[in-house]
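Below sits a lone chain in C-alpha cells, taken as the form predicted on its own.
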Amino acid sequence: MSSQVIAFIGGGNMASAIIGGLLRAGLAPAQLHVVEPHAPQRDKLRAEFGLQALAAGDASLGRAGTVVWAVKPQLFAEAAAPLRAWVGGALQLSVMAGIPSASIARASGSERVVRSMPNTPALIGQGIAGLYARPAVSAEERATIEGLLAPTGQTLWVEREEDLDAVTALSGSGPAYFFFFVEAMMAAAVDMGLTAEQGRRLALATCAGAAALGLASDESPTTLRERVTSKGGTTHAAITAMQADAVDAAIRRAVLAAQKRAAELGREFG
C-alpha cells in the first residue's frame, strides 16, 4: 500500500477514521483521493488532512488501486452510477451497512469486493471490523484490506456474507448499547446523590477497565462476573434485580432485532 492510490467515495466519520489512520501510518496525502459532495465536509477534510477532496468524481479515480465506498446506504446507487467508468479496475471495499456485495459488484463493475462492518471506536483506533470477501478477492488483496483497516483497530473475517448482519448487530451497533447502559448508570449515580459528571467518570472507567480485564484474561465473562458476585453482597443484589427484570433476555432480543433490521436494509437498498 505504500505507493497505492486509494479513493474514498464519501468523506464522513468512518472514512475520516480510516484516512487519519493511513496518514499516521505513513501514506502521503497525495495517495488519498476523496469524493465528497457536501462542501463543509470537503473543507474539513482539506483542513484536517491536506487532501484533494472533490465534489464529484472524475477520470483521476482510474488511478486508484482500491476504492472505499463510505456513503450512506440509501445514496449508494446514485453515487455509484457516474463513477462506474473509472472504478471497475480497482479492489472495492465497502464500509456501508446493508448493501450486498453483489450489488456493489454490479454497480462498480468489479467482482473484487470486500464488505466491512466497522464500528465507531475506529475513530480512536480501537474498533473492530467484520469482513467478508467475494470469491474473486485474492489472499493478497485480503491482506491489502487488513493493512488498510489496521490503523482503525482489529479485523475479523467471516466466510458467509449473511454473518455480517450478526456482526452489525453485535459490534456495529454495540457501542450504542454500551453508551445506553452508561447513561442508566449515570442516572443511578444522580439518584444516589453523586453528580452526573462523577457518575460518568466512574461508569466509563469501570466499563473500560472491565473490558480490558476481559480481553487480558483467559477466563470466560461468566467466570469473571462470578468472581465479583459474592452471595448476599452488593453485586449479587444488583444481578438478582436485573435477572428479575429479565435484562439478559431483553439484551438478546435487542441484538436479534438489530440483526433483523440489518438484513432488511440489505433488501431495501441492495
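Counting begins at 1, following the sequence as shown. This one's a predicted model, so the numbers in the text were calculated from it and none came from an experiment.
Note that the form predicted in complex with a small molecule isn't included here; everything after this is about it.
Asks: Select, from the options 188-196, 115-123, 102-110, 132-140, the stretch whose residues sit within 4.5 angstroms of the small molecule in the model of the complex by heavy atom distance.
Replies: So the stretch in question is 115-123.
Asks: 164, 259 and 266 - do all three of these have some heavy atom no more than 4.5 Å from the small molecule in the model of the complex?
Replies: Per the other structure, none of 164, 259 and 266 touch the small molecule.
Asks: Within a 4.5 Å heavy atom cut-off, is residue 75 in contact with the small molecule in the model of the complex?
Replies: Within the cut-off, so yes.
Asks: Residue 70 near the small molecule in the model of the complex, any heavy atom under 4.5 Å?
Replies: It does: once the small molecule is placed as it appears in the model of the complex, residue 70 has a heavy atom within 4.5 Å of it.
Asks: Do residue 46 and the small molecule share at least one heavy atom pair within 4.5 Å in the model of the complex?
Replies: The answer is no: residue 46 has no heavy atom within 4.5 Å of the small molecule.
Asks: Answer for residue 97 alone: is it within 4.5 Å of the small molecule in the model of the complex, judged on heavy atom distances?
Replies: Within the cut-off, so yes.
Asks: Give me the residue from 62, 50, 221, 37 that has a heavy atom within 4.5 Å of the small molecule in the model of the complex.
Replies: Of the candidates 62, 50, 221, 37, 37 is the one lying within 4.5 Å of the small molecule in the model of the complex.
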